[in-house]
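First, one chain by itself: the form predicted alone, in structure tokens.
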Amino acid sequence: MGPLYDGAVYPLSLLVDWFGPVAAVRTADALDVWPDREERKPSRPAHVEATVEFASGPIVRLTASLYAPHRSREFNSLELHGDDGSLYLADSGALAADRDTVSVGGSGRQYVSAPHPRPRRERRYLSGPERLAEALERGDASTTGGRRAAHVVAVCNAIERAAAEGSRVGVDDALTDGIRRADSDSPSTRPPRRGPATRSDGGGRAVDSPAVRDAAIRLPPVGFGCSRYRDGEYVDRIDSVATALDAGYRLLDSAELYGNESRIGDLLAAPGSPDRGGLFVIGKVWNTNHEHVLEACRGSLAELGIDAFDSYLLHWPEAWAYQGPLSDLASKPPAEQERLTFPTDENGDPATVDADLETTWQRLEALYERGLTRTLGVCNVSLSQLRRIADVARIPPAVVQVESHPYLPRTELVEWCHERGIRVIAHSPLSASGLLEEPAICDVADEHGVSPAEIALAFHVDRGVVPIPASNDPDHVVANLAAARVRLSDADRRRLGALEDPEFTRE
């Protein structure tokens, strides 16, 4: 067997799955050499290079060689370059995705690891044939995989012919058409198959509540916080937001208070950023705009350059005096930002207005009715305040965002929300003083071979809560997302649960 059928079939299978059928082999060359000292010789040329043209447009240079041993650094790697960025896959034949298996380099940016946001699950070589056999027994086996496999073999045949004839060789049209027909019946376009009554809540745990099954929105297990505040200072988050998008974060937590919506909008519109449909974008109306919710929402949408939010939240339940539109705060001097966002009365206390929580929620509902947001939510509320909203809401909250970490798990609020299909997002999941030095967290981290921060975030993912950490360190950005891969044991949960502090207050 030669290198095409021994090794090249792995990257080719992935490429055909991603890009569709191959139209032609533009050029190919084969070296039929082998060391005389070896007793056995390959039946086909030991080194092959080819330029392969896909019907959808991509051009791939393929090198397959038996001279490269399995321990070679690039034996099974795959590197793709496009107009808007690059992708590197360390092992195209891997049966499980490790944290650093995939790397992404956005347009003009350094490569960053893009960890799969689920626990590592390694398949056996025989798992595929076993699933096929089970499907055949049920009588519902898909023909897509078989057609794709036949097409990959046809591509290898075409590479051999192109190398022998020294000319361009087209790939069998019948097989190419078969791939197109098979892909048109892909799972993304077929009606969904009805499964069991339960489903995962996003943290890997089954949820039986009908309310959760029917109402809960799907969120990534970990999101990225876009706040510019860090240790009482303003920081620039845009480079870290770009790193987060390359790493695979797909939930961005923004707010008009953060003042960087226009810069995030520029990033979202830039080459290499994910399509809007693949992102979950959160916006929040600030305290000074409880009576001007429509103006605030439209202003944020304009700065972000999007038509609607995936969820628009009330940032805090307290209402303060209106200070005018809060556009592009980051461009203003810090003193001006503070004056606009934290107005005070003659005594230096917050300048409040008489805007009750129920009325403000009705203004948010009007945004939903106008199509400016797909869902609504609220931040920094107590359970009693949340109940007040639920009692009057025509459009119930889909998202509740509160500070939470092992010191402050907010268990009663989380359970109340989950019973009603409301997703909970945890802000400030890592910033409580002393949290990452806790012996229990450090011990669990050591046992899992990860950082204390990853365990503090896995604490939320495990219970179906979505943490939204932020960092300007690229390594920390990647590690925080990889926290979703950690699977906690019952013993881990008990140790982390024992950290709850009913007297916790933020210093």
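All residue numbers refer to positions in the sequence shown, first residue = 1. Note that the coordinates shown come from a computational prediction; the quantities given were computed from them, not determined experimentally.
FYI, the form predicted in complex with a small molecule isn't displayed, but the following is about it.
At least one heavy atom of residue 401 is located within 4.5 Å of the small molecule in the predicted bound form. Heavy atoms of residue 65 never reach within 4.5 Å of the small molecule in the predicted bound form, leaving it off the interface. Taking the partner from the other structure, the small molecule in the predicted bound form has a heavy atom within 4.5 Å of a heavy atom of residue 253. For residue 431, a non-hydrogen atom is located within 4.5 Å of the small molecule in the predicted bound form, even though that partner is not displayed. For the residues 262, 380, 344, 107, the 4.5 Å heavy atom test against the small molecule in the predicted bound form is passed only by 380. Of the candidates 227, 243, 113, 360, 227 is the one whose heavy atoms come within 4.5 Å of the small molecule in the predicted bound form; the others do not. Exactly one of the stretches 299-307, 149-157, 431-439, 367-375 approaches the small molecule in the predicted bound form with heavy atoms within 4.5 Å, and it is 431-439. Contact annotation for the candidate site: 258, 315 and 473 all lie close to the small molecule in the predicted bound form (heavy atom within 4.5 Å).
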